[in-house]
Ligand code: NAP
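Below you will find one chain, with nothing else, as structure tokens; this is the form predicted alone, and questions on how it binds or moves follow later.
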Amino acid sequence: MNHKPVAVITGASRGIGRAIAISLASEGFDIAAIARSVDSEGMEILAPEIEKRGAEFFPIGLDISCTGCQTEVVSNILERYGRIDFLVNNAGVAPLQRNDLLEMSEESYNRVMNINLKGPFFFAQKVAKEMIWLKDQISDYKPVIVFISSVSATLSSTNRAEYCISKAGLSMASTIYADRLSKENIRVYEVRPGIVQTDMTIKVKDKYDKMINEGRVPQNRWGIPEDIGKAIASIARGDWDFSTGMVFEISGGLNIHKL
């Protein structure tokens, strides 16, 4: 069995997932990095970043929406390391097209919900069951599950309703998992990014630049993936051990309601 703790990150090849993987490698975790394509350029770039921090890099290909594929992935990680200490459910997508709510297709709804909500929900279920079993096998075992949601869990965008609904559902999933797993001594958190510079937001950069310049974000800047990585590192260090169910909004103050 691995003596080092092991972190599993979905959507690890770019953006927020990449920053989280690097952050957790720096905190002493070996990294099982999950992405849709194991051979992607992002995974090739990530590998040396993880390894130069003294961590082992285990790349895994998985479409998170394929719930029937998840069991084998969890088994492969356990076969390699004998443990999973930290799960970050980060994988997610935006709609292929930003359509008005009244024009949104059922196909788009299903795609976004399967990747952003159904996939992470059942992946957490599979990992949680293993964590419960592992508690009796590993001394000083402190398992954690994190769901990466979005400020869109509470903020309406009428041209990407399916995304907002998926993130609102993921937020409730985090709460329910925190409730159920508290008696198992497994901590669960929701991390809620705001407007962050990623491949997902680059397509609407001008829109968000304008919003930030007009003062919509009180701290008056874009978020960067490393902002989220720092929050995850803080959780990993045990700084929030008595705060299961906590929502960490990393949004530069978007959560401030003002008159």
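Sequential numbering from 1, following the sequence displayed. It should be emphasised that the depicted structure is a prediction, and the values quoted were computed from it without experimental measurement.
There is another form of this protein, the form predicted together with the ligand, and it is not shown here; the text below is about that form.
Exactly one listed residue, out of A33, I50, I232, I64, brings a non-hydrogen atom to within 4.5 Å of the ligand in the predicted bound form: I64. Taking a 4.5 Å heavy atom cutoff to the ligand in the predicted bound form, the contact residue among C164, I115, V144, L134 is I115. For the ligand in the predicted bound form, the listed stretch (195-203, 23-31, 51-59, 211-219) containing residues with heavy atoms inside 4.5 Å is 195-203. At the 4.5 Å threshold, heavy atoms of S174 stay clear of the ligand in the predicted bound form, well away from it. Although the partner is absent from this view, V93 contacts the ligand in the predicted bound form, with a non-hydrogen atom inside 4.5 angstroms.
Proximity of T244 to the ligand in the predicted bound form falls outside the 4.5 Å heavy atom cutoff. At a distance threshold of 4.5 angstroms between non-hydrogen atoms, V127 is out of contact with the ligand in the predicted bound form. Counting a residue when any of its non-hydrogen atoms is within 4.5 Å of the ligand in the predicted bound form, the hits in 10-31 run G11, A12, S13, R14, G15, I16, G17.
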